[in-house]
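Only one chain is given next, in structure tokens, and it is the form predicted on its own.
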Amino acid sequence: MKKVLIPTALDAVAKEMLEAHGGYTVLQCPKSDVAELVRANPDTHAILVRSEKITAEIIDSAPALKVIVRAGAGYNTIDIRHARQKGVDVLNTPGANSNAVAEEVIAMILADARHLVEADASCRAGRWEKSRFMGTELTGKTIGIVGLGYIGQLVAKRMSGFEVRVLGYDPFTSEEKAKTLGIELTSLPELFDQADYITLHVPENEETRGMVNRTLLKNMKTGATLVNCARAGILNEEDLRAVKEETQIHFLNDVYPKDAEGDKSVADIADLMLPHLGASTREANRKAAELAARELIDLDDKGITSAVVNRNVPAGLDPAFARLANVLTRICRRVLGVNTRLKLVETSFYGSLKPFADWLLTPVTAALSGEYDTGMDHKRTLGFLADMGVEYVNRSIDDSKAYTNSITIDLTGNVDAEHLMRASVRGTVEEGNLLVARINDFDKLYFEPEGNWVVFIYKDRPGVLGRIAAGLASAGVNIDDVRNPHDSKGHKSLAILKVNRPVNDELVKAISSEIEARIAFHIEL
């Protein structure tokens, strides 16, 4: 019998399923000290957790441990790298909480629109303040959804019954997919300008951290409402505080830098605050528990690894090529334009990389969407892309090109309803170092994608590089390296400058405007 520990208030169905299987003995101890429980049970085969931390020390204290299952999507509370080193598979259950979060968003919006919390307190105190609590209706309003992954799509579906106009921002979602959901795709500034209610559903990463800033917030309608049930870091709190002093926007919040008791920094600006209740429904808890138990059984009995999030790199593949695939895709996406609606992803894996094409699609897709769960196998990854309205093609390789052990990423997207744009990036690995060899028609670049870079593509003419350098210097940005080739026809030039620190969007836009660049961006690699 394999021992399974459940040191959390996970729905009892997980314990019931595992015990009914006949191959497990289950010890469920809600609110117990995980470290102490594991130390007392060194023969533990698997641990099922919700938000409990599983550290390297805990993993080391369980010599028989083989599996950790996170009953939920995020697994940042688990040391997955140390688990891998110890031969422990870490699994998760993506999508189990999506509907719960979507319904919470609607509940918060309705509570705010009708002043339910304040009205309840007033009525209980014996007052009768109907005029004070005059509310607003959702019907006929415009809802803006930032991020159209699992949760964002469900918000759109649930909101449709209120007869609202739904705007959506997600560069990874195609026009066709959005139409099936009744969503009008738009730019982020336009969404913040037009929506009466804006709800955030993007992960927190380098590209999204602080993305909701003063520039966006100051354009919100008077009396409009912002809802954050995603991650605290995507919102610039100080910018919101400043804008709220100037306008009458509402802020509804369920996420914080740390889930714990104590004062919350947004207490002075939040019109409604909840203690991270997004996934806290009986149904979500049961679904996560069922998935966790089923995944453990499938892994042990059938070797199904589709939910494993810390899989080893396949034997024979240099891990550097996984990093290369991710970096090339990130660069290609910026060249295409983050607001260009992605329609087609094409890959070419040359030389000895050809047998690993299916596996390498994972780092490619991860670079395109923060909503993508890297624990998905190839079949589920293809389904994820299709669900986003994106076609995927792994091209047949022309070995005569002699691109030994290199990767080419091509992305095609809709600039508007009638025009397509295409971007292409190729690279390789030499002596363990990642190298970008080509961007569009600019070949033989051979720069190492590391650190902070600013990139400009512009009409070829003298003096432009000097103006770029002057613009960076005026902001105290130092240049560490430069590539400045021309295309094969001599019509366009590419300037890639490695700089000593991040460059903000305002400076990039200012330089781009001065040199009339066709493409301009900063990227941290």
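We number the residues from 1 along the sequence you see. The structure displayed is predicted, hence computed values, not measured ones.
A second form of this protein, the form predicted together with ligand NAD, is not displayed here; the remarks below concern that form.
Distance criterion of 4.5 Å from any heavy atom to ligand NAD in the predicted complex singles out Asp254 from the list Asp254, Asp79, Glu371, Asp196. Here is the short version: of Tyr150, Phe442, Tyr350, Trp359, the single residue with a heavy atom within 4.5 Å of ligand NAD in the predicted complex is Tyr150. Only one of 79-87, 265-273, 278-286, 326-334 lies within 4.5 Å of ligand NAD in the predicted complex by heavy atoms, and it is 278-286. Ligand NAD in the predicted complex comes within 4.5 Å of a heavy atom belonging to Cys229.
Taking the partner from the other structure, ligand NAD in the predicted complex has no heavy atom within 4.5 Å of any heavy atom of Glu295. A residue is said to contact a partner when one of its heavy atoms sits within 4.5 Å of a partner heavy atom; Glu391 fails this definition for ligand NAD in the predicted complex, lying far away. Heavy atoms of Val101 reach within 4.5 Å of ligand NAD in the predicted complex, making it an interface residue. Residues of 200-223 placing a heavy atom within 4.5 Å of ligand NAD in the predicted complex, in sequence order: His201, Val202, Pro203, Glu204, Glu207, Thr208, Met211.
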